[in-house]
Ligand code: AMP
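Shown here is one chain on its own, the form predicted on its own, set out as structure tokens.
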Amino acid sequence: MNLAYLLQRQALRDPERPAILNGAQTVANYGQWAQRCQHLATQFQAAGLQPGDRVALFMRNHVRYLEVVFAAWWAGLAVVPINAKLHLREAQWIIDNAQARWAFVTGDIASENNESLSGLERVIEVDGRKADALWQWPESPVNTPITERRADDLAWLFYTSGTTGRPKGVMITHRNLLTMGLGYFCDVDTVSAQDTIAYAAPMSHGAGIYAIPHLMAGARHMVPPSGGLDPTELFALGQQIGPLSMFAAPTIVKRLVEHAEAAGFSVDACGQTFKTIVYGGAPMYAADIQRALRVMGPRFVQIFGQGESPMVGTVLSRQQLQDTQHAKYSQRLASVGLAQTPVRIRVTDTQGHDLPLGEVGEVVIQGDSVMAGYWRNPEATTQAIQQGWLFTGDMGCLDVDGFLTLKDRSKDMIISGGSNIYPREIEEVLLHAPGVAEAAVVGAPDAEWGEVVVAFVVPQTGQELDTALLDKLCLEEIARFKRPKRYEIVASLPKNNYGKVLKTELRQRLARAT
């Protein structure tokens, strides 16, 4: 099934319903959205693009983003979303690897680079004058039929963040994204036509594909005029057009909470602004979500997934996050929840055998959300998918109720004196220390122990940290062998474009210092 049928269905059901908003201003209803996609699909076909060809989107969040995506699908093409924060040369590598024929860019990206993209038949600035002809409406309605695609045909070629080398192209099919969309209603949140999803996180990532369940429900799709995260802007828009739903990395959640706290917003005021904030993509520490719940109320749902199983893995529901009276509340708060409806979750040893409950191993996922494989990389595909199971590289354990608790990426685990140490456990403790804003724990090579634990700690603004007090807190909360042997007080932590801490860079920093 071609995902473009979802848009066609809504356009036929309720063509006048507001669909795409620039802030509070409606720029397209569902009928207009579908007509624009049909017209653009016709332009693709007239230029000779064939079903299965790739179209790249190197764009900041923009009201035309979803029009390009669904027009490409309407014509049977596959979309290559590229994070707008990447350097142009990084984007060029992705375009070359994907063998994309066209690229759509926003003017701000084009103007901030002295170089230009190459090897493409066309590069279109969606907010430039040359693009207007592509969106110029014909006098009579267009009736371009949707190009038939199989459920397992490529829809979304997503490139991993590439923190340890060149990114890999994750082949996401129409079936994968449809599964994600239907699973959203089962596990994450209800959606009605009166809802509004806000695209403050990059539309090239999870925020963009969350358009699918909201389109299914006929909801509104709002791009903030800033095109990104501005807490003042989002709170104002939520008050103006109704409570917003959105996907957010933990770093975005922290900024929203800090703004709400600084502005003195009550829990009720936050509820009038935000309906649902789904968070994921990086660890959310218990201290941070407790603060978020205290300041903003029961707005939050946690999901765990990967680019290889987009937005589908586990879910910690709104109800579970606020059930403070449950006997296992603290353990569940530190978990990433239960397997989502479309998938099965297991924890295995290095041979792929199931481990007993409570034992830490690699998390593996099976279901219709799991990618078709890595683009032009059969070796990596064979390594990642074995007997239908996706080996995620994440380490975790399951409890008797089915809740999954993540420890760390397998490459981030520290082995000191033969004992496995999971950095997240130590980071959770450090974040409870007064004056600590952020913490990241890595292993440093050691001749005697193999590795020793080193903690990089960022103080809150205006605070000075006493490492002796940090050490005392660790000794009170965790085993002695797990406590950091050294503390590095730093102004900030290196992060990639999605807000994930680059622990590889921290380890390299330690290696250079020896």
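As the structure is a prediction and not an experimental result, all values here were calculated from the model. From 1 onward, residues are counted along the sequence shown.
The discussion below concerns the form predicted together with this ligand, not included here.
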- Can you say which of 428 to 436, 263 to 271, 306 to 314, 216 to 224 gets within 4.5 Å of this ligand in the predicted complex, counting heavy atoms only? 306 to 314
- Task: Could you check which residue among 76, 167, 243, 283 gets a heavy atom within 4.5 Å of this ligand in the predicted complex?
- Result: 283
- Task: Sort through 366, 83, 302, 106 and report the residue having a heavy atom within 4.5 Å of this ligand in the predicted complex.
- Result: 302
- With the partner absent here, would 60, 249 and 495 each sit within 4.5 Å of this ligand in the predicted complex, counting heavy atoms only? no
- Task: Indicate whether this ligand has at least one heavy atom within 4.5 Å of a heavy atom of residue 409 in the predicted complex.
- Result: yes
- Task: Verify the contact flag for residue 503: yes if a non-hydrogen atom of it lies within 4.5 Å of a non-hydrogen atom of this ligand in the predicted complex, no if not.
- Result: no
- Message: Taking any heavy atom pair closer than or equal to 4.5 Å as contact, tell me whether residue 175 reaches this ligand in the predicted complex.
- Response: no
- Query: Going by a heavy atom distance of 4.5 Å, is residue 203 a contact of this ligand in the predicted complex?
  - Reply: no
